[in-house]
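Okay, here we've got a single chain as C-alpha cells, the form predicted on its own, with questions on binding and movement later.
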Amino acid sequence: MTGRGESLIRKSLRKFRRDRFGMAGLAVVAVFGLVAAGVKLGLFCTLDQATTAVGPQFVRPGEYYSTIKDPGVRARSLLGTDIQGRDVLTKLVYSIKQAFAIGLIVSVCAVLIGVVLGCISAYFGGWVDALLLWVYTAINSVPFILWIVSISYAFGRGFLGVVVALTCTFWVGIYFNVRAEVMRLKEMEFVLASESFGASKWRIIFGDIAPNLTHLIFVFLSLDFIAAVKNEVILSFLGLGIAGEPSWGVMIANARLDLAAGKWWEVTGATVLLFVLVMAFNMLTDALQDAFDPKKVG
C-alpha cells in the first residue's frame, strides 16, 4: 500500500525494484564497479602486476609454469599468459578500472553538456537556439568516426585523448534529443504556471523542466557509458587508444594476430567481459527508461 502523497521518484524506484532484468543488470554493473574501485585504490591488480611478466609466454589456461621471480616455484595460470608472459587474468581485472574510468567520465561530461545546452537552446530560442543548432549541424555533418580519430590524434595517444574525443562527439546527440523534449515541456501547464508567478528562467529550466528529463538522463548516461567503452576498442585498433596500460581494447588489438595461431584466451577474455558489461548496461538502461518515464509511472 502506497501513501497518497508518494513522490514520482519513490514510485519510479519501486517500479524499478520490481524489474528482475533491471536488478540483475544493476547487480552485474555493481560487481564491475566494486572491482574497478578496488583496482583504483590499489587493493589488487596494480599497474605493476598487470604489466610485469610472471612466466613464459603463451602459457595455456589451467597449465602450470615456473615463475620468473622464483624459477623453483610452480604456479598455475587460470587464464594463461600473453606473448610477453604477463598474466591475462590480472590484465583483464585491471582493464575493468580503465573501462569504468572512461565510461563514467565520458558519459557524465557528455550528458552534462548535452542536457544544459539542450535546455538553454529550447527554452530561450532565438539566436541562442540558432547558434547551437548551427554547431550541432556542423558537427553532425562530419562522419562520427572521423571526429573521434581527429580529436584523439590531436590530443595524442592516451587516456586524455580518448576521453576528450568521445566527450566532444557524444554530447551532440544528447543535445538534440533534449532540445526536442524541452520544446514540448515548455508549453505545458506547470511551466506556464511558473512563468505566470514570475519565476526566473533559470529556475524554470533547472527547477521545473530538468526534473522531467530524469528518465532521459539515466538512459543517456547508460548508453554513453556503453558507447565509450566500445569506442575505446575502436581507437585501440587504430592505434589511438590508451597507451602504456592494459585495457580491453588494447588487449584485443594486441592479441588479434595471436588468435590465428590458436592463442585464443586473451582475446576471448576481453571480449567476454566487454559483452557481459554491455549486456548488463543494456538491461539496466531498459529498466531505468521504463521506470523513470513520467508517462509510464502511475
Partner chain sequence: MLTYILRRLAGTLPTLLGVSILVFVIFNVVGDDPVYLYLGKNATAADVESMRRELGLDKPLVVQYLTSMKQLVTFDLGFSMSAREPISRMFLQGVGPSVAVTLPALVLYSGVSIVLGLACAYWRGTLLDKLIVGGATVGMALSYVAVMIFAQYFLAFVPSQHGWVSFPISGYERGFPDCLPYILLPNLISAFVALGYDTRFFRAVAVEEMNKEYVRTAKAYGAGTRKILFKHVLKNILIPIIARVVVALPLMIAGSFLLESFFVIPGLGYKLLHAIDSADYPVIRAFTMLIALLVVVANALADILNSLVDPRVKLS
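Note that the coordinates shown come from a computational prediction; the quantities given were computed from them, not determined experimentally. Numbering follows the first chain given and starts at 1.
What comes next is about the form predicted together with the partner chain, which is not displayed.
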**Prompt:** Which listed residue (W147, F176, Y123, F159) meets the criterion of a heavy atom within 4.5 Å of the partner chain in the model of the complex?
**Reply:** W147
**Fill in**
Residue within 4.5 Å of the partner chain in the model of the complex by heavy atom, from V128, L78, A193, A138, is A138
**Prompt:** Is the gap between V233 and the partner chain in the model of the complex 4.5 Å or less for some heavy atom pair?
**Reply:** yes
**Message:** in the model of the complex, does V278 come within 4.5 Å of the partner chain, counting heavy atoms only?
**Reply:** yes
**Prompt:** Does I151 reach the partner chain in the model of the complex, with heavy atoms at most 4.5 Å apart?
**Reply:** yes
**Request:** Consider A180 of the chain shown here, and say whether it contacts the partner chain in the model of the complex, taking contact as heavy atoms within 4.5 Å.
**Result:** no
**One stretch from 45 to 53, 259 to 267, 64 to 72, 24 to 32 that, in the model of the complex, holds residues within 4.5 Å of the partner chain by heavy atom** = 259 to 267
**Message:** Going through 231 to 246, which residues have a heavy atom within 4.5 Å of the partner chain in the model of the complex? Please give them in sequence order.
**Reply:** V233, I234, F237, L238, L240
